[in-house]
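Let's start with one chain on its own, the form predicted on its own, as structure tokens.
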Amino acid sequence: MLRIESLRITYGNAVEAVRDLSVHVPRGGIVALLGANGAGKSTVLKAICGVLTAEGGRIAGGDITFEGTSLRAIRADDAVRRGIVQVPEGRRLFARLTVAENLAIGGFLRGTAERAATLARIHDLFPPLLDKLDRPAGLLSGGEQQMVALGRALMAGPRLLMLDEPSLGLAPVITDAIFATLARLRDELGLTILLIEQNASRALALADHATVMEGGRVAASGPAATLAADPMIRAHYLGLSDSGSRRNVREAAPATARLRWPA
């Protein structure tokens, strides 16, 4: 469905944020982009959504295609009309508007029947929101706000749903609920998902395929289960020894040096 081929992104014709990135997101699958802050993950989403140029970035090489059509020159509104929808980092709700109003904004391009059907599914996915529809979104807890942000994205009828750090600032039990919802969306609706996440262990447990980015480049890529079992990935990104126990920083350091770029 989505193909990123040899992508190169620069800012101000000087700073190279992404270099030679290739990722394939198949229809109905979940693909995770992993890596530390500054690895270039969010920049990739901005390029897909058509907001890269607004922040002074540009695609300097390679291409991004969605169902065979290049996204190099796409506008943000066109991306949404094509079904490319993002849940941004930090949720970015309209804090003074109610939960119901935030959800309604997400579905403004769709017909009445489609909005009603999607709203019913959102109520099924997120029961805690049912008695908070008239409450300003800014007064909700972080977990509830993430539910609203995901619900708002679903109201747009996404064909490709992209999430930027959905577990950021959330308690583990809420993170469990959000990730369980993403699994339901894949399994029950066949929704295609591109996930950016620093909680690598959770992302690898959910995703079908994963790509690890470091310094704007691909450090590792493959089936999520394979990466989760890789000693270098476990030590460098999951902080685990081969036995599954936590490693201290001194023990994990050599693994960083062994992580190599693809030829």
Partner chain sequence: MQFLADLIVSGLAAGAIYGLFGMAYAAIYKATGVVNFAQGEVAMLIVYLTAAVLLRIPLPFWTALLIAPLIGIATGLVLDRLVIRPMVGRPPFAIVMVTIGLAVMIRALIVLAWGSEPREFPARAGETVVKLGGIGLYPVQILAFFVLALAIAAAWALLRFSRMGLAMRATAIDERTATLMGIDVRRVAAIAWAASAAVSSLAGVLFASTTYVGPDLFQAGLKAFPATIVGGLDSVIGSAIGGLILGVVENLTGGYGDTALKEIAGFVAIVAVLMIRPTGLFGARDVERL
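In this text, all values refer to a predicted model and were calculated from it rather than measured experimentally. Residue numbers count along the first chain shown, from 1.
Heads up, the form predicted together with its partner chain isn't pictured, but that's what we're talking about next.
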Contact check for E55, A76 and R110 against its partner chain in the predicted complex, heavy atom at 4.5 Å: yes
Answer option from L182, L97, L129, L119, heavy atom within 4.5 Å of its partner chain in the predicted complex: L97
Its partner chain: the contacting residue among R159, H123, R186, R115 in the predicted complex [heavy atom, 4.5 Å]: R115
Non-hydrogen atom contact H209 with its partner chain in the predicted complex at 4.5 angstroms: no
Partner contact for H236 in the predicted complex: its partner chain, 4.5 angstroms, heavy atom: no
Non-hydrogen atom contact L168 with its partner chain in the predicted complex at 4.5 angstroms: no
Touches its partner chain in the predicted complex: G138 (any heavy atom, 4.5 Å): yes
Contacts with its partner chain in the predicted complex, stretch 77-91 (heavy atom within 4.5 Å): D77, V80, Q86, P88
